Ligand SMILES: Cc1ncc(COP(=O)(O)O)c(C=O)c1O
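Given next, in structure tokens, is a single chain: the form predicted alone.
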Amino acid sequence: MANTDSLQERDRQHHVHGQTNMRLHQQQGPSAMVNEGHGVYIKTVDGRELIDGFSGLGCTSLGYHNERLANAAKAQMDLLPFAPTFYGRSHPKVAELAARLVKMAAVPMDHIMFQCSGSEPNDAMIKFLWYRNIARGEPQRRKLISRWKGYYGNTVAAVSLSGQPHMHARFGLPMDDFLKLSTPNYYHFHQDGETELEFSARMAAEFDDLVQATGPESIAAFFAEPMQSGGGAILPPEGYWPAMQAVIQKYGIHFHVDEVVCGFGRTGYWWGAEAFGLQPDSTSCAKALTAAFFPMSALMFKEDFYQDMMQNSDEVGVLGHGFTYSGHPVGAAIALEALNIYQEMDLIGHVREVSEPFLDGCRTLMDHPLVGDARGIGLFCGIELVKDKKTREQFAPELKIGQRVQDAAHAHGLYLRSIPPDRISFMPPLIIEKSEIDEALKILRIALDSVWQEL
């Protein structure tokens, strides 16, 4: 292997990184170059070892160096390294996985289509909604509602759905017909004296008002994560989902639930929909589907939706959608083995057991001068950093307090993610043990102390 300096220089000169300040990367190179992983730990090329407190990008549910998943990949590569699923062709692993996932769904689902990234099933669902509505003689149903701070991917339509302005800027996005609702961050956006239930009722009233103003007959769907991840691990407040689903049911709006992060145990349930009592009409999943050992995602929907799609396929002669690597045999083999491991180890039971010390420890950080709020579910917690805990005033953006806490944590051996303005997202691999949680929380407090002393 080339020496560390050489690798850093090659990356700096040639590699374009997503969600990265391009100028800063060109000047400084990568902030870390990870070379190894084992359990919940990652190791950089310069020998530093860190607890992965963000599960890669919310996906390494089983951590690193899992021999069973590696063996499943090798066995499938030896047998059949690739097979397309276009033109009606298939292979045994994808057929088995399709049947298994449909049976696992939080609410009854009937059909599934595989893709690669988490963006793709959401993007496909947007197309399929428009496709279905044309079959129903309702081509005017094109408007899609989602939430600010929501994240549904980076493809053109999915990023238009996402409520992330920095992903729209200078791209000429979002496209038309994509509408946004407020972020349900009770801590920052509740009015003085407003309870969580009152705040949730206000969020639902905003939803109802938007539907009325837009015209219910023009709404194609409402998209939402059970708990927002890209916005900084935002736990929905008390009463939020019952109030929002009442509006969905009132107008008969198609409800798509994005389980890309929440699915497969993150919340202490198989699905975020189960954790929050949601009734989706369709669902997307990815990330922990293969424990991040292979890029694979899936879109699940119901029989009535399928029949409407079938009508268009009859008329056109084909479903004009798909990706070369959809339903990849290696990805399917890994996903099946990951599901076996989850069930054999009682992953849900483990997450529920360790989530108590994890969440208790995160909430304990609220005694720190920098921490205004900490709340979550399962192994999924958002920590709000503020200048004034009484008024909830935030720091000036140029101070980059969240980034500084993130960097200090990295320096002491914990990988976290800071999400602007100053929110820390903490979501370790689902196999983490209590002793490792204790160590991670100790490092996080050291990082907070370090930044506070600087201030």
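Residue numbers here begin at 1 and follow the sequence given. In this text the structure is predicted, and so the values were computed from the model without any measurement.
FYI, the form predicted together with this ligand isn't displayed, but the following is about it.
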Interface residue in the predicted bound form among Thr290, Ser119, Ser282, Gln115, criterion: non-hydrogen atom within 4.5 angstroms of this ligand: Ser119
Residue (of Phe223, Phe128, Trp271, Tyr151) lying close to this ligand in the predicted bound form, criterion heavy atoms within 4.5 Å: Tyr151
Partner-facing stretch of 204 to 212, 365 to 373, 309 to 317, 152 to 160, counted where any non-hydrogen atom is within 4.5 angstroms of this ligand in the predicted bound form: 152 to 160
Non-hydrogen atom contact Val261 with this ligand in the predicted bound form at 4.5 angstroms: yes
